[in-house]
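Let's start with one chain on its own, the form predicted alone, as structure tokens.
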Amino acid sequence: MDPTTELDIGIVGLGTHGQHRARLLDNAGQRVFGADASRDARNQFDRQFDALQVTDPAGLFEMELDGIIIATPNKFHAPAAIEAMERGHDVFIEKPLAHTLEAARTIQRVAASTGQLCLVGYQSRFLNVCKILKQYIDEGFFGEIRHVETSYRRRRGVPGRGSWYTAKEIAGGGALIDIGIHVFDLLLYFLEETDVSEMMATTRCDFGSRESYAYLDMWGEDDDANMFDVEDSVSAFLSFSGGTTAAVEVAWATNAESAHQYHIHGTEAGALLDITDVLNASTDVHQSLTFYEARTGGAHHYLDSTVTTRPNDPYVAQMETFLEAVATGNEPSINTLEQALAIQRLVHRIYADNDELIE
């Protein structure tokens, strides 16, 4: 896209995520418009961006905008995205695609019938270290990948006890649909396989609903676990049809060190990808990648290689991809509806097996 191109982008939902997207767009020289039912959110948006803001998303959809970003709580992704596409707008939906698989499939049908672009906000694939690891996988550097061991856990990181994040009816689930979907997104990206032949998974709620919940930081406000009926951790074991297996650990809270890591076990080499988030500083992401090999030259030995690259802000790259798609009308190969639906199916399967899914 020509960097001088100025687009008009509407944002539905002016909370933390919506304001973050607005800042990225504003920094990129784009015009932003907002909608939110909250007067406080609208006023804060107006103070920051001096932009038109309305109460009802329908007011945005009636405007001649180039694209719409949906940054509402999960339950409202589908109705907002559907109305926007039916009004002729391309959309970008914050992850997850929807709060249920049924709602996600409805979004897909509407996108197909209207011909509008619909991208979904999974940002990890845009990290330089993830793109580098993917390139080595595609080149066959690791041989056959037999197993992936991955964890995304926070020592204490419930995103607001008593908020919509911890309400099953609104969010669709807890830790799995909030941060676990990032794990599935990278698994499917690295393996290029979506057919899971077998899965065993367990969901738990051990910490978030406690009356006494000790923590240092929290994304939102602590409301003493009022409206907390979701899981705060998940353990899963997946067998893909191609023979690769994966062990997945996800936790909003656990008595262990915070980590977001992927251990690749291949027949020729292995790797450790570490992209651990710093709580409450989502763009400050530790990015490291190390390769592990065993060789026989001279004498049997191990060879460990550390990859050095420039760190990058994946959210900036993600927004650039959306703006390029809107400007050209060409769907990118990343953040697609098909990828988001594959993730949603895995989430649905785990919740269904654990009687956690909200219909």
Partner chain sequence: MDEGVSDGKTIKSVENAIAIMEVIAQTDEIGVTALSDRVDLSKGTVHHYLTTLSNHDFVEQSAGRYRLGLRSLTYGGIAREREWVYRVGKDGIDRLATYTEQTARLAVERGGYAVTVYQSTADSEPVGDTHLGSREPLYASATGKVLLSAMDGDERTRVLDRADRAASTPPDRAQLTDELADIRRRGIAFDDEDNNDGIRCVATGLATEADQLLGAIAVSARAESIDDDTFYETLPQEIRNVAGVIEINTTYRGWMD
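All values derive from a computational prediction rather than experimental measurement. Residue numbers count along the first chain shown, from 1.
The same protein also has a form predicted in complex with the partner chain, omitted here; what follows describes it.
A.B. asks: Since exactly one of D229, E149, E102, D274 fits, which has a heavy atom within 4.5 Å of the partner chain in the predicted complex?
C.D. replies: Comparing distances to the partner chain in the predicted complex, the residue within 4.5 Å is D229.
A.B. asks: Of the options D206, E86, E169, E193, which one has a non-hydrogen atom that comes within 4.5 Å of the partner chain in the predicted complex?
C.D. replies: Checked against the cut-off, the match is E169.
A.B. asks: With a cut-off of 4.5 Å between heavy atoms, is D50 one of the residues that contacts the partner chain in the predicted complex?
C.D. replies: No, D50 stays farther than 4.5 Å from the partner chain in the predicted complex.
A.B. asks: Give a yes/no on whether V12 approaches the partner chain to within 4.5 Å in the predicted complex, heavy atoms considered.
C.D. replies: Output for V12 is yes: heavy atoms within 4.5 Å of the partner chain.
A.B. asks: How about S38 - does it come within 4.5 Å of the partner chain in the predicted complex, if we only consider non-hydrogen atoms?
C.D. replies: Close contact exists here: in the predicted complex, S38 approaches the partner chain to within 4.5 Å, heavy atoms only.
A.B. asks: Is K75 a contact residue for the partner chain in the predicted complex, using a 4.5 Å heavy atom cut-off?
C.D. replies: Yes, K75 lies within 4.5 Å of the partner chain in the predicted complex.
A.B. asks: Do heavy atoms from each of Y136, G243 and G270 fall within 4.5 Å of the partner chain in the predicted complex?
C.D. replies: No: none of Y136, G243 and G270 comes within 4.5 Å of the partner chain in the predicted complex.
A.B. asks: I need the one stretch from 159-167, 89-97, 138-146, 249-257 whose residues put non-hydrogen atoms within 4.5 angstroms of the partner chain in the predicted complex.
C.D. replies: Heavy-atom contact with the partner occurs in 159-167.
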